[in-house]
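Taking the form predicted on its own, here's one chain by itself in structure tokens.
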Amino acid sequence: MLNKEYINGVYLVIGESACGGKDLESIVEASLHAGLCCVQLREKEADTRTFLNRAKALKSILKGTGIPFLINDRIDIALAAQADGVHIGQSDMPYETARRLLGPQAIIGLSVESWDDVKTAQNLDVSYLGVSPVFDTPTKTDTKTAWGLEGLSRIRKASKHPLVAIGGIDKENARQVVQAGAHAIAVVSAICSAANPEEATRALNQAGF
């Protein structure tokens, strides 16, 4: 298992629908210079070949940077693109199956949307928990009620895993989210929709860490 020190900082979740027609590769290239701890490719609408091609392109950009590259949900894409791991939700492939397919060294993050999810995860050797969502957000419409800062703090006290907070996080609330217990803050629109992704990433780092 990889060590978990990489779960510390700004975690970029990127996909074509979130980028408003902008080039994914250029956003990642710009952002990594301002400090990213992880990059996840999330494509809910792309066909398999398009998804794989984008994954390979981002993997190439991140090669040698030390920044882990993860795939959302799709174990097959992660394997084909030689990604560092996956992020899975409660309705995706079960953790135990994903671990068996990807091997002991793969990074596997797991979303938690209820307290039962948090308790169940205590018995799993996941790499981190995705606390989803912290705040209500239009990019996370298929989840349960937002955790809020109090919920995030409660998970931090109870869980043995590093926490990646996602949902409605920007430079205005990043510090509060980190103080409440997040080891890393995952963002989509705060970087993907920014006029200058590098400046946006730097601002998030300065605000939260």
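All residue numbers are counted from 1 along the displayed sequence. All figures in this text were calculated on a predicted structure; none of them were measured in a lab.
One more form of this protein should be noted, the form predicted together with another copy of the chain, which is absent from this view; the next part is about it.
In the predicted bound form, none of the heavy atoms of A106 sits within 4.5 Å of a heavy atom of another copy of the chain. For E150, no non-hydrogen atom is located within 4.5 Å of another copy of the chain in the predicted bound form, even though that partner is not displayed. When another copy of the chain is considered in the predicted bound form, K119 lies well away from it, no heavy atom lying within 4.5 Å.
When another copy of the chain is considered in the predicted bound form, N123 lies well away from it, no heavy atom lying within 4.5 Å. By the 4.5 Å heavy atom rule, the three marked residues L52, G89 and R100 all count as contacting another copy of the chain in the predicted bound form. Only one segment in the set 167-175, 153-161, 66-74, 34-42 has any non-hydrogen atom within 4.5 angstroms of another copy of the chain in the predicted bound form, and it is 66-74. With the partner removed from view, the residue among S26, S60, Q179, T48 that has a non-hydrogen atom within 4.5 Å of another copy of the chain in the predicted bound form turns out to be T48.
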